[in-house]
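Shown here is one chain on its own, the form predicted alone, set out as structure tokens.
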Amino acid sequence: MAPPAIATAGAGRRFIGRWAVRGVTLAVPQGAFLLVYGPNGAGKTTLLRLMGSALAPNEGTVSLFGGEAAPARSRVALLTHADGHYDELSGRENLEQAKALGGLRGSVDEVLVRVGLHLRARDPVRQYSAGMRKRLAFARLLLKEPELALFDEPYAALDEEGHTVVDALFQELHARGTTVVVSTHQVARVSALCTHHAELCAGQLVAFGPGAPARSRQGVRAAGSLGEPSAEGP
């Protein structure tokens, strides 16, 4: 049997003496689609960064694909609030540079079409709207063709057309066998796609298991407003 894509054991991370996440133990099977949800400040961003090895735990452990997290980074892609684009370069140039520097395998032309930016690919990114910048970040992630893809509030700054594009990309990644982890307040929307759910509250894991959250199955949207601020840590 394949090891879990992500396994945490008592994982915790603190910032300036405050625990953003503490005591999180879970195992996410390879190929799963995990929904992470909870109110603002619950620790979702920190947990995703621990899962993606962007942060190291202060206590406990995080392993990826059955081994230490750091060596698995080449198999992982993490989309966060910070897009890291070069504003003076075009969208295409940003992706071509990312591909050259990162040894990425995907096709620039293909991912631009998939995120709906092919008609604006030659425009400088400084002319892009917030939603277009988000789409470009998705394109860069798709270029990597990761085995584990983590998304922090992926619907933020997107219009309804963008939401539909994201839904289709999630379905495509999951169908391909990619392990997908999505942290979002759009619980009802992502519940239709997820195979597992994890609920955080005040840095603690209060629910984890297969399927959609019970409250979503009952048609009740989880508490919390859209656009979680990055107050959980850097």
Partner chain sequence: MKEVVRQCSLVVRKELLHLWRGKARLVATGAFAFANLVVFSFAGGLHGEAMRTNAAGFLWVGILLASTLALGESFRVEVQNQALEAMVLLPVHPAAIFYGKAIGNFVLLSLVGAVMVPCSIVLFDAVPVGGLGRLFLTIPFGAAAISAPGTMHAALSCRARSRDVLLPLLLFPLVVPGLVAAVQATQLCFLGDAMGEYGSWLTVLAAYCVVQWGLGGLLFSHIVEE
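This one's a predicted model, so the numbers in the text were calculated from it and none came from an experiment. Numbering follows the first chain given and starts at 1.
Separately, the form predicted together with its partner chain exists; it is not shown, and the next lines address it.
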{"query": "Answer option from Leu112, Ala98, Met132, Leu148, heavy atom within 4.5 Å of its partner chain in the model of the complex", "finding": "Ala98"}
{"query": "Position in contact with its partner chain when the complex is considered in the model of the complex, options Cys201, Leu193, Ala27, Ala56, heavy atoms within 4.5 Å", "finding": "Ala56"}
{"query": "Heavy atom of each of Ser90, Glu93 and Gly103 within 4.5 Å of its partner chain in the model of the complex", "finding": "yes"}
{"query": "His197 within 4.5 Å of its partner chain in the model of the complex, heavy atoms", "finding": "no"}
{"query": "4.5 Å heavy atom contact, Lys144 to its partner chain in the model of the complex", "finding": "yes"}
{"query": "is_contact(Gly38, its partner chain) in the model of the complex, heavy atom dist at most 4.5 Å", "finding": "no"}
{"query": "Proximity of Leu78 to its partner chain in the model of the complex, heavy atoms at 4.5 Å", "finding": "yes"}
